[in-house]
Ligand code: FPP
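A single chain, nothing else alongside it, follows as structure tokens in the form predicted on its own.
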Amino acid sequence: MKRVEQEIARLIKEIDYDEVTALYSTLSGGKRLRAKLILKIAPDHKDAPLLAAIVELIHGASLLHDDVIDDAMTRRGVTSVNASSGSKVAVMLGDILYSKAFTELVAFDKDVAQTIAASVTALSKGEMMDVKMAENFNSDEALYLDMLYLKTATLIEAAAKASALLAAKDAHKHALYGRNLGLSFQIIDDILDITATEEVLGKPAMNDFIEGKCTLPYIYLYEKLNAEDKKYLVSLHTKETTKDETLWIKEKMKEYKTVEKSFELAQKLSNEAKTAMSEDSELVAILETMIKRTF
């Protein structure tokens, strides 16, 4: 990972703008999941650290735009760029990171470059779908999972597939692994938004529903409620809920085990990915660590 961080620092320096360097230094690197995947799948390829750095710049750009869309004041427990420097600056910083990433990406083999580039288009489409879906209460599980794949899983899928192409490994199996890892990772995040504390999350708990996001526990809850309770749940959508309203949601979720049902889907997707990568103990270990972020 040291090589990846060095490559990221080099790419940022090459942009040759002190404002970008200063702003980027305020961003939290996070788990670097995508970069770690690339290094584990193609550990001996000389270009793997650069590919990992490119993917991390893309991911960082998407988060900058995401924070603007969500009016997020924090990111990973620190002040977001849009909160500290304004939305215009955050959007332009994201655009610069995207542009630099693509400038470096064109030097890679066509199939590798196309894999990453296509995922960025899908990611952007998923972000737009997420914004549109937040306008109304969504009870369609298939639609939600489609959006989740595009917005979150597609870049992880692409990172796994592209690095497999670099290392001359089975691209299809690695893509399936990345897709399912991305989906199950986000489903667990959705669960933690409901079950974890604000201190753990680095943001207010149950914030997704306030922002208009109907994640799986809410979708599964809606399916189980009677007509009157469905109407009440929908009335709370995008609203700053009171303690009593929050308690009602949590009690109903506990009654109908909608968090557990969501976890079961994450577990199923994780198991499918484990089967695909059964001969790679390190990739299986990543799945096991991810799924243990339980509620």
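Just count from 1 along the sequence shown to find any residue number. Keep in mind that what you see is a predicted model, and the values were worked out from it rather than measured.
Absent from the display: the form predicted together with ligand FPP. The rest refers to it.
**Student:** State yes or no: in the predicted bound form, is some non-hydrogen atom of Ser124 no more than 4.5 angstroms from a non-hydrogen atom of ligand FPP?
**Tutor:** Although ligand FPP is absent here, Ser124 would touch it in the predicted bound form, with heavy atoms inside 4.5 Å.
**Student:** Tell me, yes or no, whether Ala35 is in contact with ligand FPP in the predicted bound form, where a contact means a heavy atom of each within 4.5 Å.
**Tutor:** Output for Ala35 is no: heavy atoms all beyond 4.5 Å of ligand FPP.
**Student:** With heavy atoms only and a cut-off of 4.5 Å, decide whether Tyr222 touches ligand FPP in the predicted bound form.
**Tutor:** No, Tyr222 is distant from the partner.
**Student:** Even though the partner isn't displayed, in the predicted bound form is Lys151 close enough to ligand FPP, meaning a heavy atom within 4.5 Å?
**Tutor:** Because a heavy atom of Lys151 falls inside 4.5 Å of ligand FPP in the predicted bound form, the answer is yes.
**Student:** Just one of 165 to 173, 127 to 135, 104 to 112, 79 to 87 has heavy atoms within 4.5 Å of ligand FPP in the predicted bound form; which?
**Tutor:** Careful reading of the contacts points to 127 to 135.
**Student:** Of Met253, Ala48, Ala266, Ala61, which residue is found within 4.5 angstroms of ligand FPP in the predicted bound form when only non-hydrogen atoms are counted?
**Tutor:** Contact check passes for Ala61.
**Student:** In the predicted bound form, which of the listed residues (Leu216, Leu183, Ile194, Val120) lies with a heavy atom within 4.5 Å of ligand FPP?
**Tutor:** Comparing distances to ligand FPP in the predicted bound form, the residue within 4.5 Å is Val120.
**Student:** Is it the case that Arg3, Glu5 and Leu11 all touch ligand FPP in the predicted bound form, with a non-hydrogen atom of each within 4.5 angstroms?
**Tutor:** Checked in the predicted bound form: no contact with ligand FPP for any of the three.
**Student:** Using a 4.5 Å cut-off on heavy atoms, which residues of 71 to 94 contact ligand FPP in the predicted bound form?
**Tutor:** The stretch 71 to 94, when checked against ligand FPP in the predicted bound form, contributes only Arg75 at the 4.5 Å heavy-atom cut-off.
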